[in-house]
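Presented as structure tokens, the chain that follows is alone, the form predicted on its own.
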Amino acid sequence: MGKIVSIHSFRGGTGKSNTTANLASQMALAGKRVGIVDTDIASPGIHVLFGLDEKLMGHTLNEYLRGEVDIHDVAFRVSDHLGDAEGRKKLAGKDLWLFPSSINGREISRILHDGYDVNLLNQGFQSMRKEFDLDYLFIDTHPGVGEETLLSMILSDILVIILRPDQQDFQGTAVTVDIARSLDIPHLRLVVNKALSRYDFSQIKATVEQTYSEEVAGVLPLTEDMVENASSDIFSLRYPDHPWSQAMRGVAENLLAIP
């Protein structure tokens, strides 16, 4: 059965959803069967990067967690709805599925008020991997540490922690790394995002690895081009020669090399 890869950050604003979408797309481009599930139920957003709006969304993870639909009904095959975005067009014929959370305000309020059974979420993860014969299931988690985040960590074969070169992120990441070690997660990787171009990236990598005694899979530069993209497309597919995209492919290659 395929690997579960949780993408996490202790704080918001690290570029977690962008990283998840681009990593998953790079894996699909490499011929892997890939799923993405958005468990950031309080503030879902990864669907935007794949051109998915409320009209196209159909059933959602919220409905599955209420027992109203099967997890198969939630799956959105990205290659069936590529739109005009140049980057996403490269996913034509690729095996990439998104399992979105609802962006309807009432739906979000309802599940936050009523809660849900995390065991059902676990069953959903396992069904996604089995029914779609996935090589990789990416989980875009909610920032910080909560019940659903701990569940995704426990189930993970690979945990990717994203941090910025910022002291608050450094402290929060230390907490997450400690939790990951206590859970005996098989593989842990760190990704530094939004590093200023004037920084020495090799020094950042060395410092972070020394600080946490864990491998850094990549250092991604802060770029106005990413901001200008405004989540309208998969950046690394649209601009494959950009330094950010090259660094992202390096992260993907690092994960693909994990046995």
Partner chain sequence: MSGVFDRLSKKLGEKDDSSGISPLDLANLPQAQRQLMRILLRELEMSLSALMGLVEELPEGKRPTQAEVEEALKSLALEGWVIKMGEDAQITYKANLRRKAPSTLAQSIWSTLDARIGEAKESGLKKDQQG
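Numbering follows the first chain given and starts at 1. All values reported here derive from a predicted model rather than from experimental measurement.
The same protein also exists as the form predicted together with its partner chain; that form is not shown, yet it is the one meant from here on.
Comment: 149-157 is the region of 74-82, 94-102, 149-157, 170-178 lying near its partner chain in the predicted bound form, near meaning a non-hydrogen atom within 4.5 Å. Interface residue remark: residue 252 is not counted as part of the site for its partner chain in the predicted bound form, having no heavy atom within 4.5 Å.
Looking at residue 257, you'd find every heavy atom of it more than 4.5 angstroms from its partner chain in the predicted bound form.
When contacts are judged by a 4.5 Å heavy atom cut-off, residue 225 does not count as touching its partner chain in the predicted bound form.
A residue is said to contact a partner when one of its heavy atoms sits within 4.5 Å of a partner heavy atom; residue 54 meets this definition for its partner chain in the predicted bound form. Annotated contacts: 113, 119 and 123 all touch its partner chain in the predicted bound form [non-hydrogen atom within 4.5 angstroms]. Of all the residues from 76-99, none has a non-hydrogen atom no more than 4.5 Å from its partner chain in the predicted bound form.
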